[in-house]
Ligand code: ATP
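Read the single chain below, which is given as structure tokens and is the form predicted alone.
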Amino acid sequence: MIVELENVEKHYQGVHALQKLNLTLKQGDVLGLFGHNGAGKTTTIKLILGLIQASSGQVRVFGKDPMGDNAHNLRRQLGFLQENVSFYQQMTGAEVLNYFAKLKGCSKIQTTALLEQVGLSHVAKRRVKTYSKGMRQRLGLAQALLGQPKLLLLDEPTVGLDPIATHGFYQSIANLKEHGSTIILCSHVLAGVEKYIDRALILGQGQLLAEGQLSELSQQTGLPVVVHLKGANLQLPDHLHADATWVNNGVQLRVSQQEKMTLLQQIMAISGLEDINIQMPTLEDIYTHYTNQLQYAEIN
């Protein structure tokens, strides 16, 4: 296993930042780590990086204690990008990346390729103080990718990136996964993440709210499938009228995920049908469901 957390807890002066968290990641896994501010995401990342000690439980990275005697060599296999990235302002982008490459024992040849990959080769000789926020974020991505890390931890990696740069970033993630890298990705932009992750882990106030593949979590929530039928003169069967909401140029139906195929078979023969749009529960829907459950439990 690449990462193993067993009954891990972290307390700060009476505050339970993390409560009995269990997690395993194998080679090539891409995990989406989600939760509100203060949910425990950063604490989890710091524990894996070996920056803090767990109050109880066991943390293992590549089978070893990330705070043990071999921590220095272990960290050479890691890549990390924090949310608010900061670099030496008077150095050029190339100098910054070469500096981190030396620390990590990487070839300078790789820095040139990474600057090209993140779209900064044309400003490599400019000082970082002249970079925009998005450019600094891309430099941070290049730093995190040095050495083709076996474990990559990314905290809000697409902050400040335009759509083209964001697409390029996720292409880099896909390439790293193909080469066996394990990735933990934290993001508040849920809509852009779901098709790139294998599993999601949702935290709330230090507690594990849900963990698993999106298809599994979607089934567990019981959230409905929304089907939009378009047509100016739709003739719905009588038994569908009770669940139908009439909207401009069509009808909206909500059914359970188990009833989706039966409904589709029924509506294909509807007179006046011009188009069908099927909306499955999204990652944002799943996240909202579990966080609302936590809030409801607190109130009651």
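None of the values given here were measured: they were computed from a predicted structure. Don't overthink the numbering: it's just position in the shown sequence, from 1.
Another form, the form predicted together with the named molecule, is not on view; read the next lines as being about it.
In the predicted bound form, no residue of the candidate spot (Arg60, Lys150 and Ala174) has a heavy atom lying within 4.5 Å of the named molecule.
Residue contact with the named molecule in the predicted bound form: Ile48 places no heavy atom within 4.5 Å of it.
Of the heavy atoms in Gly32, none are within 4.5 Å of the named molecule in the predicted bound form.
Remark: Glu95 does not count among the residues lining the named molecule in the predicted bound form, judged by a heavy atom distance of 4.5 Å or less.
Taking the partner from the other structure, the named molecule in the predicted bound form has a heavy atom within 4.5 Å of a heavy atom of Gly40.
With the named molecule left out of view, the stretch that reaches within 4.5 Å of it through heavy atoms in the predicted bound form is, among 32-40, 65-73, 269-277, 249-257, 32-40. Just one of Lys133, His188, Arg126, His167 comes within 4.5 Å of the named molecule in the predicted bound form, counting any heavy atom, and that one is His188.
Residues Tyr12, Gln13, Val15, Ala17 are the members of 1-32 with a non-hydrogen atom no more than 4.5 angstroms from the named molecule in the predicted bound form.
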